[in-house]
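Read the single chain below, which is given as structure tokens and is the form predicted on its own.
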Amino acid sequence: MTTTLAERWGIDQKHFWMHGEQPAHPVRFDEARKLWTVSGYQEAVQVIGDPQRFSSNLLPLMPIDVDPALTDGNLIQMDPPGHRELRTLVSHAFTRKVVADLEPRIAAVTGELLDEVAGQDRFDLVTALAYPLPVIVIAELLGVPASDQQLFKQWADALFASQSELSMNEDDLAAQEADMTEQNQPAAEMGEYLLAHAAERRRKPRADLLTKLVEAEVDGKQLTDAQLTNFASLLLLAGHVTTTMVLGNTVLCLDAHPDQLARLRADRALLPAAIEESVRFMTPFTALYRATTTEAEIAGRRIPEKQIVTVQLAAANRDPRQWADPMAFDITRDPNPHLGFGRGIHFCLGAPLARLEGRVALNLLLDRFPALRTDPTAPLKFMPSPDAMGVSELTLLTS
């Protein structure tokens, strides 16, 4: 019996798409979790492209008590027009032109980080490069000390440590409440940290995103402390976690497909496409959630009003109705309209930055280490969150 790549990597069966499986129907009710799931590509596009019927604000339907202040200002959980107003405040910092100007700095940081592992016969990619690079870049953009990166990692690890999925089943509520309780402290600590830096910006403004948020007004009013800290927290976390996963996953995929790695080494112009294929093949954030505001019909299934819908982006990115040979990792795949960075009004704000960081870092990594490969004797570790797919440890051999 042939061992699949997912089995070799030790990926749990809950990530069924990695095992070449797809549900019989692209829209179904999950009896175990008491919510709806959408796994088909076209169906996913339909849901995430319709914020009027499928709201990002889940609070009214959450089975456990959540303090509204914890989500106020969090773009991921906002609908128009509030979402558009807040997103506009910082969108200028993530345009293609502005991001392109960061390339020399990204290259310099990457070079410095790789210098630190020069001469070593092995190193952990996440510790050496995939984590610190995007943290340094987003910290400098936001205006907080990059030297605090270990603190950021503690918060990120704690906030992504939950192993329980969102569920409306009463039997699962205790686990979800326990996870929420454990996340309260790191979230509060991060909020206090960012508020302290925001207070400093009010006294001494700088040319950074935190100053922009402090000075911003929406409908003639400044952001509340909750809005400011939730927005800044999202920028800090999403601004590095996505790139960390993309870098690690791309190296892992290329190592598992030596023919594709050889093509890339021979033609570096394929690198942007290789990154896109990695995001499709191992979608970093595997799912997002919506709440129906009215009855909605998707693929012939009627979803009632006030229902939680999980959109399985990773499964949609393997839908055989959309992709030719979806289980193949093909760096020449074109077109590749994956949903790994979302779609529509919630398209990942930092996608241009993640793509640039990935291209620059991987180019330099391949330059420095012509014989780079994974260590078959080292355990491969993934992030524990059920809605994330990214390596947390990846030991590489340099010769």
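Numbers follow the displayed sequence, beginning with 1. Throughout, rigid core stands for the largest set of C-alpha atoms superposing within 1.5 Å between the two forms. For clarity, every value in this text was computed on a predicted model and none was experimentally measured.
As for the form predicted in complex with protoporphyrin IX containing FE (HEM), it is not shown, yet the points below apply to it.
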| property | result |
| --- | --- |
| Partner-proximal stretch of 229 to 237, 255 to 263, 170 to 178, 314 to 322 relative to protoporphyrin IX containing FE (HEM) in the predicted complex, 4.5 angstroms, heavy atom | 229 to 237 |
| Non-hydrogen atom within 4.5 Å of protoporphyrin IX containing FE (HEM) in the predicted complex for each of K34, A296 and V309 | no |
| Single option in L70, L364, V45, C348 placed near protoporphyrin IX containing FE (HEM) in the predicted complex, where near means a heavy atom within 4.5 Å | C348 |
| Of W155, F329, F123, F285, the one that lies within 4.5 Å of protoporphyrin IX containing FE (HEM) in the predicted complex (heavy atoms) | F285 |
| 4.5 angstroms heavy atom contact with protoporphyrin IX containing FE (HEM) in the predicted complex for F341 | yes |
| Residue contact check: K212 to protoporphyrin IX containing FE (HEM) in the predicted complex, 4.5 Å heavy atom | no |
| Contact of R290 with protoporphyrin IX containing FE (HEM) in the predicted complex (heavy atom, 4.5 Å) | yes |
| Contact of I76 with protoporphyrin IX containing FE (HEM) in the predicted complex (heavy atom, 4.5 Å) | yes |
| In the predicted complex, residues of 241 to 271 near protoporphyrin IX containing FE (HEM) [heavy atom within 4.5 Å] | T242, T243, V246 |
| L133: Cα shift of 2 Å or greater between this form and the one not shown (core-aligned) | no |
| Rigid-core frame, C-alpha of L213, shift of 2 angstroms or more between this form and the one not shown | yes |
